[in-house]
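So this first bit is one chain, no partners, the form predicted alone, shown in structure tokens.
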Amino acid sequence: MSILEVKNLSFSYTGQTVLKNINFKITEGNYIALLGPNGSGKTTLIKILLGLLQSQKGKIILFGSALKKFNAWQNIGYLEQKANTPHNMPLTAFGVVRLGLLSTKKGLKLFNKEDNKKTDAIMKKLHCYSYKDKLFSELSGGQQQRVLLARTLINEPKFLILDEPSTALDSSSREEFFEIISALNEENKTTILLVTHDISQVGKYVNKFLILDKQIVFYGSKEDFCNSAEVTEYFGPYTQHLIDHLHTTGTCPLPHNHGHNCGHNHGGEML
């Protein structure tokens, strides 16, 4: 089953090309790491997929429907960067998770007993039920991220988009978080697109890499990555270092300066 198709997508901002001729397809059960340096267009691509930005050229198809006609947003879960989440919201962990059900409400309908049961169930599944009555702002970074993931998953989305979700987590919480995500993919066949800059952090979990630097440098399996001429040309002498870190948990971010054929300036990502 096709989850997402991106065809000939391009996007420019203030005269600068951010994305150029992007083409790829995601099928059900894929677990894809979207990698790229700062300024490569990762966040812009995600915003376009979610309808938060309008593409200037190209076509996006979600679950068989053109993006402009797509309305089954309950099938898509999105967890943004930790840094973009307010830390002082005056809600309990339970209240934050239950907010994920708002997309299913019409008009001014209030939460009911069934909603509360669903909230309890997902919090138990993600092992955050024990602190359901604590204020969100009082939780540790790892606990907050579990709560936010529970909120994202409460509607049982078929397609999960994660934008650098492990930012600010310690190594123990980070590993635990990725194990939860991996279990969702393996047990529920949830399709996952994970934005990251660290290849070793996700290498042992994902089954595909999509490397983006304004245009697609590589899209394929880990085995193909290790034998790709495009990857070798792009990363140059750094290629073997990346391959060596694919199955480790040590930090191995993508380099800002790639092979000799790469002339991009990787400043801070505006979009």
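Keep in mind it's a predicted model, so treat the numbers as computed, not measured. Residues carry their position along the shown sequence, with the first being 1.
If you look for the form predicted in complex with a small molecule, you will not find it shown, but the lines that follow are about it.
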- [ ] Spell out, yes or no, whether the shortest heavy atom distance between Ser221 and the small molecule in the predicted complex is within 4.5 Å.
- [x] no
TODO: Report whether the minimum heavy atom distance between Gln81 and the small molecule in the predicted complex is within 4.5 Å.
DONE: yes
TODO: Examine Leu9 and determine whether its closest non-hydrogen atom to the small molecule in the predicted complex is within 4.5 angstroms.
DONE: no
Task: Residue contact check: Thr44 to the small molecule in the predicted complex, 4.5 Å heavy atom - done: yes
Open item on the list: So if I measure heavy atom distances to the small molecule in the predicted complex, which of the stretches 56-64, 221-229, 32-40, 198-206 falls within 4.5 Å?
Closed with: 32-40
